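As structure tokens, one chain now follows by itself in the form predicted alone.
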Amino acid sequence: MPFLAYVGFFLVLPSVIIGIGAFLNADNAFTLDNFRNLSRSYVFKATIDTTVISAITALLGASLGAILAYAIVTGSPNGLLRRLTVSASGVLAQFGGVTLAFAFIASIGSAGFVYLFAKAHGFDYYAHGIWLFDIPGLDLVYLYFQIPLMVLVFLPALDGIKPQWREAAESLGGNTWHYWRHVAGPLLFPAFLGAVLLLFANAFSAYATANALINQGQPVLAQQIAGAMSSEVGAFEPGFAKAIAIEMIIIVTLVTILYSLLQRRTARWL
């Protein structure tokens, strides 16, 4: 009951308030104009940009995180390396927001110590423009917490693979390729795809890091919500920001449902 009360007060109730407000105009009269305004060019572009950023960082983060998780599994289950890596992943997966943006600016930014050191030794990675404050930079920063999150999510699936399955494949004449192609791969693929969806939702809903790193153009949907609330549009179209929020809620909810279905499928075997 306390958990249901917590979820109801901090998740369901705000969603209901946003949902109702999205259908109201400045005079609190019913309208669909807020949803029609989602077709505005800058909102549509922000939707595409946010989806692309989330998809790229989810796929890259899942791929690199899966490799790191597999390297951890091949070691001792009670070894020091595994404990340190899992602990570090738990910390880094939650390290975001303004602090993360500042860390990258201070390290690899145009005045950061890494950039100054690299430039002094003949390597200027900003020779064609400062990409850190654009979408490519946002992709890099997102990977910082996407990869550790993938390690935490995918590690239990890898732990569920039984050594006896590989021994059975080898006893039947199979090699490493046959084992991964016909046994481990099909078993891990739903878990991997589910983790990709989880990472996509994680990046899609991020706000503080992107807002601290890119304050021009507002390429992320969450920034469009903040812009619609703080600009002059907010006074005349108070439900417009709520309509954008409903769009995000629908997308994240669909992704979360797919993730849950894939997790159920994975749990049958692992």
Partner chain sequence: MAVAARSIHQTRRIKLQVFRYVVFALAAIFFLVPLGAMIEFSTRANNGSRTLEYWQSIPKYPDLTDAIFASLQLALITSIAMLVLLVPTMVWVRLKLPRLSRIVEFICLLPLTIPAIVLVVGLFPMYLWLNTNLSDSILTLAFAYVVLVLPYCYRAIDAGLGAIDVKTLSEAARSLGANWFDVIWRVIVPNISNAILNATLLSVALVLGEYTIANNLLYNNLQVELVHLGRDNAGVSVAVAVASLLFAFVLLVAIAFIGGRPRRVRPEAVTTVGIGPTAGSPR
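Numbering follows the first chain given and starts at 1. Think of the rigid core as the biggest set of C-alphas that the two forms share within 1.5 Å after superposition. Bear in mind that the values here come from a model prediction, so they are computed numbers and not experimental data.
One more form of this protein exists, namely the form predicted together with its partner chain; it is left out here, but the text below deals with it.
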Does residue 194 make contact with its partner chain in the model of the complex, using a 4.5 Å heavy atom cut-off? no
Please tell me whether any heavy atom belonging to residue 114 falls inside 4.5 Å of a heavy atom of its partner chain, as the geometry stands in the model of the complex. yes
With a cut-off of 4.5 Å between heavy atoms, is residue 144 one of the residues that contacts its partner chain in the model of the complex? yes
I'd like to check something about residue 136: if you look in the model of the complex, is any of its heavy atoms closer than or equal to 4.5 Å to a heavy atom of its partner chain? no
At a 4.5 angstroms cut-off on non-hydrogen atoms, which residues of 245-261 are near its partner chain in the model of the complex? List them in order. 245, 248, 249, 252, 256, 259
After core superposition, I'd like to know whether residue 250 moves between the shown form and the other one (criterion: C-alpha shift of 2 angstroms or more). no
Under a superposition restricted to the rigid core, does residue 11 display a Cα displacement of 2 angstroms or more between the shown form and the other one? yes
